[in-house]
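Take a look at this single chain, the form predicted alone, given in structure tokens.
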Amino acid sequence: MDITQERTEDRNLPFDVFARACPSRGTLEHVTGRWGGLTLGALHEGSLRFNELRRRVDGVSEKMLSQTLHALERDGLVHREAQPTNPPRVDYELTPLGREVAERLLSLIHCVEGRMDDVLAARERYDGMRGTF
């Protein structure tokens, strides 16, 4: 069986992120990974150039941001627009699919941010009981 037949067969299967071979698992990893989620959240604010995005996603290296953007672009979540200028200008923005995913992700981000007092208190209790950290 060649790769084209395998891909066609993959598309005929129901998607199940819990199944090892399901392609949705890779996309979920791209979206929920450390840099993917932050990149999608930042791009939800609007189109950004690479260095603007790198400044917004504090702590990401140039290499990791580049890899993240390539993965998100391949998954159809991010659109890369290269302008034929000197120096070259490249803008990144969410696709409609990327916007939908980012909105759901931002709901989770806002939930976590809004409950950080509870999280910090839980960590303190946990660490106190175990004598760690």
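Since we're looking at a predicted model, the values are computed, not measured. Just count from 1 along the sequence shown to find any residue number.
Although it is not shown, the form predicted in complex with another copy of the chain is what the next lines describe.
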Proximity of E52 to another copy of the chain in the predicted bound form, heavy atoms at 4.5 Å: no
4.5 Å heavy atom contact, T27 and another copy of the chain in the predicted bound form: yes
Partner contact for G59 in the predicted bound form: another copy of the chain, 4.5 angstroms, heavy atom: yes
L65: touches another copy of the chain in the predicted bound form, heavy atom cutoff 4.5 angstroms: no
Residues of stretch 64 to 97 in contact with another copy of the chain in the predicted bound form (4.5 Å, non-hydrogen atom): H70, E73, R74, D75, G76, L97
